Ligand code: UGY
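What follows is a single chain, given as structure tokens, in the form predicted on its own.
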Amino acid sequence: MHHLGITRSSLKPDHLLQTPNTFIRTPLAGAAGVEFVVHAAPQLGARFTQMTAEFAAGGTLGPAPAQRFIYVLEGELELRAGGKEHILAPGGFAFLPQGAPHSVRALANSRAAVIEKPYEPLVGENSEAPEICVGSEAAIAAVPLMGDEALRVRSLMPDGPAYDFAVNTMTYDPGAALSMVEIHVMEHGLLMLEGGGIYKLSDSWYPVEAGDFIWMAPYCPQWFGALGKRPAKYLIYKDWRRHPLAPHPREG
């Protein structure tokens, strides 16, 4: 169907709303039987990449150029890492530290969110190196955000000085909303998983729904409220636990 140039997608200096009717698939070197929708990348101004990987049965990811986080959206992935084999079903996830040997193969047609970020080692501190982490979202206890039982967070990444980013899921009951407009130094990549609502990004207001992707630059004003008769849920990335003046790998 021809949409005559109409889309909810919007690109502004400090944010991107990317809706499925604007997704373009591309192959990437090293991967076989996989097409990628590259949502966020350095070309956008982001310090990480976030992609949706669409696997044919038997498709494989290539080597990771950085730390890699995988969250399964559909299908099943076989992960081999750290001398172990794991089967990741929907809601299953894995964190692979930079340089950790691993392989990922689809057992059926599958989709996964893939986040990659160059590691920022701590300066002047002796800390443990990040470790491989594999789990299932369903096994993680939900924590109310700021005491609000209608807004629940599940933390998918380990938290500690060795880890320089976080990935959470956030679930909003119908009508639930963030208690404030947030403005902060962290940047975000956000994939809507279920339901929908209204997102305020800078001075713009957007209806959003499952399948949409949002990138938020540092200090982008942001707020979300859930609408409809079912919960809204999203997967959200943020950089974490590093001083703003610490040198970034891209800056040397």
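Computed from a prediction, not measured in an experiment: that's the story for all the values here. Sequential numbering from 1, following the sequence displayed.
Another form, the form predicted in complex with the ligand, is not on view; read the next lines as being about it.
Partner contact region in the predicted bound form: 178 to 186, out of 111 to 119, 96 to 104, 157 to 165, 178 to 186, criterion any non-hydrogen atom within 4.5 Å of the ligand. The candidate spot formed by Tyr172, Tyr199 and Gln222 lies fully in contact with the ligand in the predicted bound form, as each residue has a heavy atom within 4.5 Å of it. The closest heavy atom approach of His15 to the ligand in the predicted bound form falls outside 4.5 Å. Using a 4.5 Å cutoff between non-hydrogen atoms, Met51 does not count as a contact of the ligand in the predicted bound form. Proximity of Met216 to the ligand in the predicted bound form falls within the 4.5 Å heavy atom cutoff. Lys233 falls outside the set of residues with a heavy atom inside 4.5 Å of the ligand in the predicted bound form.
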